[in-house]
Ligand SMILES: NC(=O)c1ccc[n+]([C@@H]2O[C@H](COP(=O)([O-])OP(=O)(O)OC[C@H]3O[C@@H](n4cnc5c(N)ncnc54)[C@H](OP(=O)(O)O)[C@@H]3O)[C@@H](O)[C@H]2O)c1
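Form predicted on its own, single chain, as structure tokens, below.
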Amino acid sequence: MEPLNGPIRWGLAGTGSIVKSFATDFARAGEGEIVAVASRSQDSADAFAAAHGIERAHGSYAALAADPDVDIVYVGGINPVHAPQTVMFLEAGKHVLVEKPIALNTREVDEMIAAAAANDRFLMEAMWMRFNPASVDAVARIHDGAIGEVRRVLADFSFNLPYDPESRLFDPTKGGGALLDVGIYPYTLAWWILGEPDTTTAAGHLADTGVDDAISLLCGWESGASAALTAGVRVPGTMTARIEGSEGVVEFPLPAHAPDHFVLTQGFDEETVRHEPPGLHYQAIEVHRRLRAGERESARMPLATSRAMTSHFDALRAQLGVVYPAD
């Protein structure tokens, strides 16, 4: 892939809450410009463009794919559109940053990776936790031995919502469920610290619609390390994380997936390490860095990891009995 030396021009696919957050945070990236937004509705695209000072509004995603002034597209719609939209944009010659989860299943991820390779385009899953400064610093310190050998990871991402079968969180046709929406964060944290688990066992509760609304995961590694991870959309949780090692502990406060500080304890010494606030712009900075270098993926969020995690999610959903129409 040739390095991108000129201005980096972004298009936004979608006008939902996560895309609004991306558009708001983007100004902190330091370079690049959002030049277009697309929605299924021209009115929605027009309103979003006006609210965020974006030059062009498209009433279809196909129109965004055909826009010659867009270099890269941020795909931020609901889970089932991630794969088909990503493939469409890649085949149109656009680079793609696609919101997590990258896709609903491994087959879709394979199609996306193949499209990126065939069209020599950049592709990355937008797992913002892997780029926020506090998280990056804490994990780097852990890998450097700040708490000795990691023995156990405890992490939660749970909140209690009223049951609504029409909500995307409870609708299987919209890729609903706790695992893919919020469980991905504690699983990513454990994976980031310890690598791919050798074993993972899932237990949980299914909503009447057939998606998981509360899950518990027990992960094991040959080293003897373990992780107890919980997630839910109908159960209150701590939304914190704790990494325990042979010589210390790292703790992330609520919300553990997007903290601005962490606490490092080594023996009787406790240090609170503060960083800049989290934001979606840090992953945009990573994308810019890779495009400038002519690289098709990010070493910090490699496609092999996205694929492997999706494969684990397929197996965990099978354990829970969660099936999507796309499966």
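Just so it is clear, the model here is predicted, and its values are computed rather than measured. Sequential numbering from 1, following the sequence displayed.
Below: the form predicted together with the ligand, not depicted.
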inquiry  = Only one of these stretches, 116-124, 138-146, 191-199, 96-104, has heavy atoms within 4.5 Å of the ligand in the predicted complex; which one is it?
reply    = 96-104
request  = Indicate whether the ligand has at least one heavy atom within 4.5 Å of a heavy atom of residue 316 in the predicted complex.
outcome  = no
request  = Report yes if any heavy atom of residue 130 sits within 4.5 Å of a heavy atom of the ligand in the predicted complex; otherwise report no.
outcome  = no
task = May I ask you to check whether residue 18 falls inside a 4.5 Å heavy atom distance of the ligand in the predicted complex?
result = yes
Distance check, residue 92 to the ligand in the predicted complex, heavy atom within 4.5 Å = no
request  = Tell me whether 216, 232 and 312, taken together, all sit within 4.5 Å of the ligand in the predicted complex, counting heavy atoms only.
outcome  = no
note = Students should find that, of 181, 244, 111, 171, the residue having a non-hydrogen atom no more than 4.5 angstroms from the ligand in the predicted complex is 181
ask   = Which listed residue (78, 249, 88, 154) meets the criterion of a heavy atom within 4.5 Å of the ligand in the predicted complex?
value = 78
Partner contacts for 279-295, taking the ligand in the predicted complex and a 4.5 Å heavy atom cut-off = 280
